[in-house]
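To begin, one chain is listed below as structure tokens, in the form predicted on its own.
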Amino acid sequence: MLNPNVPALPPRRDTEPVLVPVMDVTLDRRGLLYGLAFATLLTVAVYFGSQRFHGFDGALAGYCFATVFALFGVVYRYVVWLQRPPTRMYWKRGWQLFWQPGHRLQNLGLFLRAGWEKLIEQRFIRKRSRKRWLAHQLIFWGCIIAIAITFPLTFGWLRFESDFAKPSDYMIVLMGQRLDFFTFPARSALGWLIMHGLNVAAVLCLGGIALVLGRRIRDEAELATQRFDNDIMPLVLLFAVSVTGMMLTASNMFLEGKFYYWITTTHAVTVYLWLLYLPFGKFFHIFQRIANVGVWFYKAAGANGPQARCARCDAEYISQMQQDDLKTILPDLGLDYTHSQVGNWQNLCPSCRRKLLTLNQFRATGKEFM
């Protein structure tokens, strides 16, 4: 029943416009140009690296096209991401600090050390949890090995041929050049590792996936925040790629080639989906992590440079460089932090901001703060 004490809403006129939210699907021109440029460069590199497609395997054309599209998507999103005011400022400052005169050699050493700690060793993950670090390492090295093998093979840059002098041995043909100095017996331990490198990569990925899924199933914090499209889908795709890839070897070695065509098609579909998902899913943070090295430069320079002092308590609380950059970035985001007494809200330390908020609340209620 209607409550007579609650006033009814006024009737809507038919002439009033109805606002319908519309999703902005406008493409970024700079990202589009950079994406097309990198995709074109890769296509040209495939053409010349495969000796004008002489060494290109037509059966892998689908993989090559999906890789070119994935590169376009990654570059497009990366360029759009770099245009965000905070990211643009970090990117700009990072390069300025790296190329500053008199410190370039030292900065190169810091860059290599930061790259090792954050990209290769991933020490920041190990500090949080050794099991999580192990899962990341397994997936990381599994993907690195798989990419190092499949991309050159797909592009026609790399292939294996029998040695003319000893047909039981293989040699590597790289960019059309036969590496005669490096041959290996097909049935040796080295030959087995080279021929089964993708299976080794799949095992590493499956081990990391098992650890990640175990944590996501048992950890209540993960269960409360994880999303299927962002957290589970990457694992599902990587699992499908790894399993179907190993099934190709199992069909060839143990099943006399049975179901090989179906497995090949299924594996190709899973790889296509993984490559198409790469620019838009959680795996994109791999490329973002590279730019994080510049943030490390920024923080190191801020810690060693002049510090900003609070306008109220005169305590050091932030680097002067970061304070100035915040005052530049926030207006671009539509945030006005001007302050009548101290000029800008960023001139106050977090402690004084909380204290002033409390004092203003007491003033608004007409009470005194004891």
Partner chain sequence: MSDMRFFVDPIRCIGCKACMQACSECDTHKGKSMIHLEYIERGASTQTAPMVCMHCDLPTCAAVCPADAIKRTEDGVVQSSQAPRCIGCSNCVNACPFGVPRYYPEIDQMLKCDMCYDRTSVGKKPMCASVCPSEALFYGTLEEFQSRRGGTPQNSFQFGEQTITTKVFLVLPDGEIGLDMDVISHMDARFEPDAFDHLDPFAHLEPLPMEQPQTLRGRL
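A quick note: this is a predicted structure, and the numbers were derived from the prediction, not measured. Numbering follows the first chain given and starts at 1.
Unshown form predicted together with its partner chain; subsequent notes refer to it.
Just one listed stretch, out of 131 to 139, 145 to 153, 269 to 277, 161 to 169, contacts its partner chain in the model of the complex at the 4.5 Å heavy atom level, and that stretch is 131 to 139. Among residues of the shown chain, Ile217 is not one whose heavy atoms approach its partner chain to within 4.5 Å in the model of the complex. With a 4.5 Å cutoff on heavy atoms, Glu316 does not count as touching its partner chain in the model of the complex; it lies far away.
Although the partner is absent from this view, Gln341 contacts its partner chain in the model of the complex, with a non-hydrogen atom inside 4.5 angstroms. Contact annotation: Gln307 falls outside 4.5 Å of its partner chain in the model of the complex, judged by heavy atom distances. Among Phe297, Tyr90, Phe72, Tyr78, the residue placing a heavy atom within 4.5 Å of its partner chain in the model of the complex is Tyr90. Residues of 282 to 303 that come within 4.5 Å of its partner chain in the model of the complex, judged by any heavy atom, are Lys282, His285, Gln288, Arg289, Ala291, Asn292, Val295, Lys299 in sequence order.
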